[in-house]
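The form predicted on its own is given below as one chain in structure tokens.
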């Protein structure tokens, strides 16, 4: 599913140069649930953004589902993201004036599907996260945990083969965090590949594999 070879990512230049990733090579198989752990500034979120076709590495290669994503044009990468990838972030990034259903439909804008098909896909995704009955509410009318579940529904609406999550439970209480992790486990059982950045050993315990990042390198 994922293959990286000697990924290097630098920011800045000269005396201000920062090496965020320094020679990262890893393989993640289809259907794996992988947690990426490390201290703040270790490079784990940079790694996730590179795997998600959002942040070009300075050097090295990244293959996702057999596609070398940084050999694609910018438009081709955008289409690849919309087709193959789902993203969940610590900040929900919901549009405040759109209903939950409309927020979940946002990734479907670029797909060649009818309006009816898009509605059905979004409704199904909201049902999967237990929010079907609240589809016409606005984000400001629901709880933080429900906003996170809406963000997850949006991430899976295009039925991605790979779900990337960056501290998805960082702003949630323990009970709600466990509910979110149970959702991820359920998705993984259906065959979805998941890569999740987390600081929490408890949440990492839901994954089948843990990768530790330190000083821009795989630590073990």
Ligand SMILES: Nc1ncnc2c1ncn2[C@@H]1O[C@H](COP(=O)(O)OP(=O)(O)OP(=O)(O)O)[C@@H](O)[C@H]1O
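Note that the structure is a prediction, hence the values are computed from the model and not measured. Residue numbers count along the first chain shown, from 1.
The same protein also has a form predicted together with this ligand, omitted here; what follows describes it.
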{"query": "Of 67, 45, 158, 188, the one that lies within 4.5 Å of this ligand in the predicted complex (heavy atoms)", "finding": "45"}
{"query": "Contact flag, residue 18 vs this ligand in the predicted complex, heavy atom cut 4.5 Å", "finding": "yes"}
{"query": "Proximity of residue 90 to this ligand in the predicted complex, heavy atoms at 4.5 Å", "finding": "yes"}
{"query": "Residue contact check: residue 167 to this ligand in the predicted complex, 4.5 Å heavy atom", "finding": "yes"}
{"query": "Residue contact check: residue 173 to this ligand in the predicted complex, 4.5 Å heavy atom", "finding": "no"}
{"query": "Stretch from 149-157, 179-187, 32-40, 58-66 whose residues place a heavy atom within 4.5 Å of this ligand in the predicted complex", "finding": "32-40"}
{"query": "Residues in 191-213 with any heavy atom within 4.5 Å of this ligand in the predicted complex", "finding": "199"}
